[in-house]
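Shown below, as structure tokens, is a lone chain in the form predicted alone; questions about how it binds or moves come after it.
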Amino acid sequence: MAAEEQSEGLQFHPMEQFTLEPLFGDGPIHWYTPTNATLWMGIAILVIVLLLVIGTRRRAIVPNRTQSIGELAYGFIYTMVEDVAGKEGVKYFPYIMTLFMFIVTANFLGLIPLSFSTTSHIAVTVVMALLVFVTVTLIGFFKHGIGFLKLFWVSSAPLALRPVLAVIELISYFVRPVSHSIRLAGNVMAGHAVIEVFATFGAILAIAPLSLIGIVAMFGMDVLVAFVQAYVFTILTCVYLKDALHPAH
């Protein structure tokens, strides 16, 4: 009996933290149902508005902490867009800045105990990835017309290999939103799940100190991942934008 109780006490479900739950009632979730994901996405937007709009409204010559953070984020993303996509890509800076701020804010909010990590859901990341994919594709055809297809024609390769490489390039192009979305959601989800596992083992007195060390280490890793994954998603967006603006190989 004691063994059964101990085994029941050790049961854990690290993926339960990613379960969508309605904010009101216990009914089924439809596409229009407000959920915990909806709430935390709204909080992320509110934090961004407080930081970039209200926090920088005075625009002091000597900035306060909030203005300094806003200016640092602005300069960081602006430089990234200019370096990767070129001067022509700067006109799309507001869109890319919005993507970065939403992802990094949602990632960090997800580290708060009892919060909900919205970027751990593929339904959220795939929408952002598809929006990037459709946007850069439309930009490519709008600016270059049929010439945008040069992106798939490797003119520097031997002529016999070009059709084969074109098929490979075409497949890799349509796989972009898949890798773009899964990379972000997978890394965020994995970190949170591992922390949950360590936290569960903390209930066992013999290994509680090791569990605490693991939680602290993984939390520190998750803080780094929260920024790095936002950076990776954003810089890949800049790379895709560069391909749309300059499609020739």
Partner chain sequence: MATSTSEAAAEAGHAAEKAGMPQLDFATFPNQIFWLLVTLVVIYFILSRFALPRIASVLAERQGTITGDLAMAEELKQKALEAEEAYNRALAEARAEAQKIVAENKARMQTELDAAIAKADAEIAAKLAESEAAIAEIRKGAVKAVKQVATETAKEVVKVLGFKPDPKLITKAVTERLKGRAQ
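Positions refer to the first chain, counted from 1. Values in this document were obtained by computation on a predicted structure and should not be read as measured data.
In what follows, reference is made to the form predicted in complex with the partner chain, a form of this protein that is not presented.
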Under a 4.5 angstroms heavy atom criterion, identify the one residue in Phe133, Phe93, Phe108, Phe152 near the partner chain in the predicted complex. Phe93
Give a yes or no on whether each residue among Leu20, Trp31 and Val124 has a heavy atom within 4.5 Å of the partner chain in the predicted complex. yes
So in the predicted complex, does Phe102 come within 4.5 Å of the partner chain, heavy atom to heavy atom? yes
Answer for Thr200 alone: is it within 4.5 Å of the partner chain in the predicted complex, judged on heavy atom distances? no
Gly214 within 4.5 Å of the partner chain in the predicted complex, heavy atoms: no
Look up in the predicted complex whether Glu71 has a non-hydrogen atom within 4.5 angstroms of the partner chain, and give yes or no. yes
Could you run down 36 to 53 and flag each residue that has a heavy atom within 4.5 Å of the partner chain in the predicted complex? Thr38, Met41, Ile45, Ile48, Val49, Leu52, Val53
